[in-house]
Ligand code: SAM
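First, one chain by itself in structure tokens, the form predicted on its own.
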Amino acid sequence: MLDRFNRKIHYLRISVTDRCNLRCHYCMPENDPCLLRHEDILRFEEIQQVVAVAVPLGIDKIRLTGGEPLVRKDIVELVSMISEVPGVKDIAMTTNGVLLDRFAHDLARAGLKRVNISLDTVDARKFRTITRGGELQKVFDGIRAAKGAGLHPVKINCVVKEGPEESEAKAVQAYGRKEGLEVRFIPRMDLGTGHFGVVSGGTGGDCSQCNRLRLTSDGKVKPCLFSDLAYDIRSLGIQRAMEMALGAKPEKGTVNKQNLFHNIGG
């Protein structure tokens, strides 16, 4: 399907939870993150139905995000349910990798094709600081498991303040080369001020090339990460919400004062 700026929209990012097992400084508040009530979060059957309605409209690529998607109970079952929808060509996931060694092989068998793993440093002490207590070795174990499960390509999302020439970014790049990983550098974003930039090594942040809609974990279809616009599938119906989001998709992102990264999926 085409939006009003003639961009082909075929990619749906689905946030399956606003919970996370890390507390990265730029993503989730350390205390009182105002989490959704469990009853407000979409059931798996609702998510599968959204995908089933979205595919005939032109969606063929699905990415599961969070929060952290692997903390959602029975996430492997959801991947299997989505893979059963005719017309879905690609299912990917963005994860912090901490639990990936436990799930990688089951996810691959269920239909997951590839993963993006967040990794901003390869220094264990700095990783604990950035994530407020995370263990870097668990991420390394997850990366190894993803490769062993045949999830390909394994991409690394490295958030940078200035650019790929930062010392931490260079170290992540060197690790990526050693392990055969694709490294993408993502400029640190601020939803409230509208600050974002083009991803180095990817197409994210380039509004002229945007091909996506977003579904929040409580059922709102958003036309843009940097927009307060949202259309509720439960009150409007899935197809109507999708069509309204497509029609309202802006030429360029502005600001988002209604969401934080942990509840929109980044």
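Everything quoted here is computed from the prediction, not taken from an experiment. For every residue, the number given is its place in the sequence shown, counted from 1.
Although not depicted, the form predicted in complex with the named molecule is the subject of the following passage.
In summary, the region of this chain contacting the named molecule in the model of the complex, judged by heavy atoms within 4.5 Å and restricted to 81-89, 140-148, 154-162, 105-113, corresponds to 154-162. In the model of the complex, the named molecule sits beyond 4.5 Å of every heavy atom of G194. For the chain shown alone, K126 is not a contact residue for the named molecule in the model of the complex, no non-hydrogen atom being within 4.5 angstroms.
Contact check for L136: every heavy atom lies farther than 4.5 Å from the named molecule in the model of the complex. At the 4.5 Å threshold, heavy atoms of S118 reach the named molecule in the model of the complex. The contact residue chosen from A169, V122, V183, M189 relative to the named molecule in the model of the complex is M189, the criterion being a non-hydrogen atom within 4.5 angstroms.
Taking a 4.5 Å heavy atom cutoff to the named molecule in the model of the complex, the contact residue among I41, V55, I47, C27 is C27. Interface residues of 60-94, taken as those with a heavy atom within 4.5 Å of the named molecule in the model of the complex (partner not displayed): T65, G66, G67, E68, P69, T94, in sequence order.
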